[in-house]
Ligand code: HEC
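Here's a solo chain for you in structure tokens, the form predicted alone.
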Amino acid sequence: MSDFFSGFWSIYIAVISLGGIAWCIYLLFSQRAWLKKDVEIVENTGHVWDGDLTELNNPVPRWWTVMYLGLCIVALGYLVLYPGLGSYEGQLGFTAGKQLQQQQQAFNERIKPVYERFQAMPIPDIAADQEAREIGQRLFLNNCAQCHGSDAKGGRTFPNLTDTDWLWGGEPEQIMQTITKGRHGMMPPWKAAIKPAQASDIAQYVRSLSGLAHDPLRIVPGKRGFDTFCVACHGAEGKGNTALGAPNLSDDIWLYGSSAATIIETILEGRDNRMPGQEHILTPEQIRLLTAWVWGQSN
């Protein structure tokens, strides 16, 4: 599929490509003495260096012209067979994406025997296997460390995978589902229903749930607002819901930060966080070993 958002650019690139080749062919033919054009055999340009070196203007050798004409023919053949003229896909239908996919399939077939002995093993047993841990760690560093860090301890907006706090559940099946299909964690914005002053009260109550400094005089109105707007997802005690990806608000783990201002921003503006699924990048065997490695970090 073409990446051009307008057909003009496809035509523009095709014209530039073909026009460049046509100009080269014209230039080569127009400058050849053996095509009955009057060109002096040797022309002195008058430029002299060091008193002995004189610049001459000799006609282009025939072999040089023939070589470049051949290259122009090769270029035309390339543009017929391969994509190079805007959105034209070429007779061979080649794309870098297809080539990458073929290389990945060949690589997966080559390494398939490495994963065979782990296929029937439960995830905890895989996590206890030294070879499996080494493979899982390499898979993590190649595919997950960009967001979760090389030590898997995450950062702001990226969960820590070495603790026991799991937004979507920390059982092997849940972790495998997360890696395979990805997750979309979203908290809707409440600014249309909650006023900033009320959001500030709720923030004070939420901070009290995890033992953070708070204003005790605002706990009662804050709890009232929490019970009205937040209980459905986070639960009556604020311990969250893994089925919804709603975080536990009663511990000391905060994905976006625990300051009152950050909590108020979360309440009013909401949050939208996505983890992409890896099923189109990793094989099922690789996902099993990666699941075991991630599970093993907190078990």
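In case it trips you up, residue 1 is the first one in the sequence shown, and so on. Bear in mind that the values here come from a model prediction, so they are computed numbers and not experimental data.
Below, we turn to the form predicted together with the ligand, even though it does not appear here.
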Q: Could you confirm whether residue 274 comes within 4.5 Å of the ligand in the model of the complex, counting heavy atoms only?
A: yes
Q) Quick one: does residue 132 come within 4.5 Å of the ligand in the model of the complex, counting heavy atoms only? A) no
Q) Going by a heavy atom distance of 4.5 Å, is residue 186 a contact of the ligand in the model of the complex? A) yes
Q. Should residue 143 be classed as touching the ligand in the model of the complex when contacts are defined as heavy atoms within 4.5 Å?
A. yes
Q) Pick from 119 to 127, 69 to 77, 102 to 110, 163 to 171: which stretch has a heavy atom within 4.5 Å of the ligand in the model of the complex? A) 163 to 171
Q) Since exactly one of 150, 95, 91, 157 fits, which has a heavy atom within 4.5 Å of the ligand in the model of the complex? A) 157
Q: Sequence order please: the residues of 250 to 275 with a heavy atom within 4.5 Å of the ligand in the model of the complex.
A: 253, 254, 255, 256, 257, 263, 266, 267, 271, 273, 274, 275
